[in-house]
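Only one chain comes next, encoded as structure tokens, the form predicted on its own.
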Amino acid sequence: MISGVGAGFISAFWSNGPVRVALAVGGGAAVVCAVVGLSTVMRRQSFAGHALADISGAGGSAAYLLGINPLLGFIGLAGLAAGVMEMAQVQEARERDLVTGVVLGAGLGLAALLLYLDVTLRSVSNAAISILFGSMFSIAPSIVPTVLTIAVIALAASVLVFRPLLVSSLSVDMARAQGVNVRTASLVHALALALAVALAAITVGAILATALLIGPAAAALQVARKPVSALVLAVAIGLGATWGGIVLAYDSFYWTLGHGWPVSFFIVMLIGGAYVLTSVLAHRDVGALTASPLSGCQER
């Protein structure tokens, strides 16, 4: 039986409008990031995901400056940067990192300028905090349909190329021999990655988006032996950390007399805890993945 205090907390939690919006938006972002993040980690493109997350901050800053939906700004610049990095047609990992680093530097420089203009021209003092670290309880309800639509598009794109990406991650030559259009699959993945980064940025902020994008997938791949198992576990970790973070952030208002702790802090800490736990389990299980996340998904 739930105590009076517990029942009161649950009732207040579910009746809170900003909380319901945060659960919907955060849940959609968590699922997309887990699915797209799995392909990203297996393709060893975690740095690219991190770069796009940081670069998306410039798009969010531009949106604040123009007075439009920040999500559109996150998507616009993340998509542009993903296209530039993908169209470079670089195959070697070292060269890919160099191109990614150059684009990242340019994006961060642009973000610094736009954030400065937000403060000086529009006097938007909270823009930097919202863009860089998120503000889930401040998300407008009107954005929920847009977020869910973007989530469906990103999931459809990622599912469409999941197997081709898996094969090409193991061997590009083998993928081509099986008739996989590696170039098209990479471009579709780049689109899905940009959308996932934008959804992560609108929830936990551009700076912390990498944790939601990479963390659940990396944790799942440490203990999962098959791609499907890794996918299910990554989604469970992402959703659990996001919704758990929302609950803790809401409850923290009672810890500090109305000054709650950031949702993004709790989400990142829970993802970090999940990664540590799966690391311990992986080292205890001789048959689990220990050397490379990709090798754990070679048996299908």
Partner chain sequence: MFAPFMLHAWIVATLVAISAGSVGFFVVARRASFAAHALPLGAFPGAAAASLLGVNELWGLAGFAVLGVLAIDQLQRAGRREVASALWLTGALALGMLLLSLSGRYAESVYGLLFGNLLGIDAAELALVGGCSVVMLVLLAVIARPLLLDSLSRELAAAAGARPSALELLFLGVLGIAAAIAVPVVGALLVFSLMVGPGSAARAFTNHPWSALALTVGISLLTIWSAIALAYVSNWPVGFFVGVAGILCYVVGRWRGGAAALAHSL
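Positions refer to the first chain, counted from 1. Everything numeric here is computed off the predicted structure, so don't read it as measured data.
The form predicted in complex with the partner chain exists for this protein as well; it is not shown, and the discussion that follows is about that form.
When the partner chain is considered in the model of the complex, residue 85 lies well away from it, no heavy atom lying within 4.5 Å.
In the model of the complex, residue 215 approaches the partner chain with a heavy atom inside 4.5 Å. Proximity of residue 47 to the partner chain in the model of the complex: non-hydrogen atoms within 4.5 Å are present. Using a 4.5 Å cutoff between non-hydrogen atoms, residue 248 does not count as a contact of the partner chain in the model of the complex. Checking 108, 143, 72, 80 against the partner chain in the model of the complex, a heavy atom within 4.5 Å turns up for just one residue: 108. Heavy atoms within 4.5 Å of the partner chain in the model of the complex are found in exactly one of 192-200, 145-153, 132-140, 72-80, that being 132-140. In sequence order, 207, 208, 210, 211, 214, 215, 218, 222 are the residues of 196-222 having a heavy atom within 4.5 Å of the partner chain in the model of the complex; the partner itself is omitted from this view.
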